[in-house]
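In the form predicted alone, a lone chain appears below as structure tokens.
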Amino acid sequence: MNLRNEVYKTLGFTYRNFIITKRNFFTLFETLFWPVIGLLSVGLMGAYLNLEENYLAFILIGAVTLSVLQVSQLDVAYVLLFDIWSKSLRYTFVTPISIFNMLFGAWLFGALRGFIAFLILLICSEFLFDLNLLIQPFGVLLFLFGIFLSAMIIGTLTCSLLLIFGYRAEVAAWTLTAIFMLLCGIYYPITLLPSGVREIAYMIPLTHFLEFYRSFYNFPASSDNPALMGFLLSFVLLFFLFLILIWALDRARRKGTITQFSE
């Protein structure tokens, strides 16, 4: 019975994000418009440079990953931001829900939006650039799940920063993805990064998921099983980020930050 209640609470936040998205025309741009624009700009650049098919796939995979990740992680960040913007955060927390109901509920809807964005980009890649990004369907599903885990990582980090630093951390919802993608090699191999930065990049799960997807097009990976490495790093990072989030929420309650968000 308790498990069923937790599922209902979690799905309640999935539904809430759906309702807010449905009523906000501009959030549809995040799923439909900007991902296609990003793919077109990169794909046309590749066509102009007359890239071979595997190199075109390399950069288009980066564009697809950036779009799907951004769409997915925003929903996790929005679960706090919507309440902060409407100054109703304390009213949410007086209800019998946990921060994890909020996170996972929003994450499920973010994953759905990310999957829709991926399907749109998949079709656009096929018809506009004659490139099949579904070369290994099961591998692509593993890659997508890896992106969704990375979205949870970025979204959880954003929520923690919001609880710690308040309104000043809002910008993290849009900048963290760009920082992650810069380190993970969105349009270039990690080997081009300077020593030290390269080691940091290999500690980020998304680096290994990108290598896993690109290995379908004969690009070398840094490990024998990049997907496994990506999942292991994801779960380790999420474990520590969840601990940080619990601490940040407890700190926000003690310092009155949640009340300040509601005034």
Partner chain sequence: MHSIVCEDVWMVYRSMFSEKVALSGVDLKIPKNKIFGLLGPNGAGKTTLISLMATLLRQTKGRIEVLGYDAIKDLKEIRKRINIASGNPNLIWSLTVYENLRYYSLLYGLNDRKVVEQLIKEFELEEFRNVEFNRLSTGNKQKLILARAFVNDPELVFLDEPTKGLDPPVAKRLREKIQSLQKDLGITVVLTTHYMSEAEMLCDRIAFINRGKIVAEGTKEELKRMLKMRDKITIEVDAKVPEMKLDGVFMVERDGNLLSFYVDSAESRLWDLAKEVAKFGRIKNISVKEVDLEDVFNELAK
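Here the structure is a predicted model, which is why all the values come from computation and not from measurement. Numbering follows the first chain given and starts at 1.
Beyond the structure shown, there is the form predicted together with the partner chain, which is absent from this document and is the topic of what follows.
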Though only this chain appears here, would Pro137 touch the partner chain in the model of the complex if you measure heavy atom gaps against 4.5 Å? no
Is Ile97 near the partner chain? Define near as a heavy atom within 4.5 Å, in the model of the complex. yes
Exercise: Phe82 in contact with the partner chain in the model of the complex, heavy atom 4.5 Å: yes
Is Ser86 close enough to the partner chain in the model of the complex to count, meaning some heavy atom within 4.5 Å? yes
Per contact check vs the partner chain in the model of the complex (non-hydrogen atom within 4.5 angstroms), the hit among 129-137, 112-120, 148-156, 88-96 is 88-96
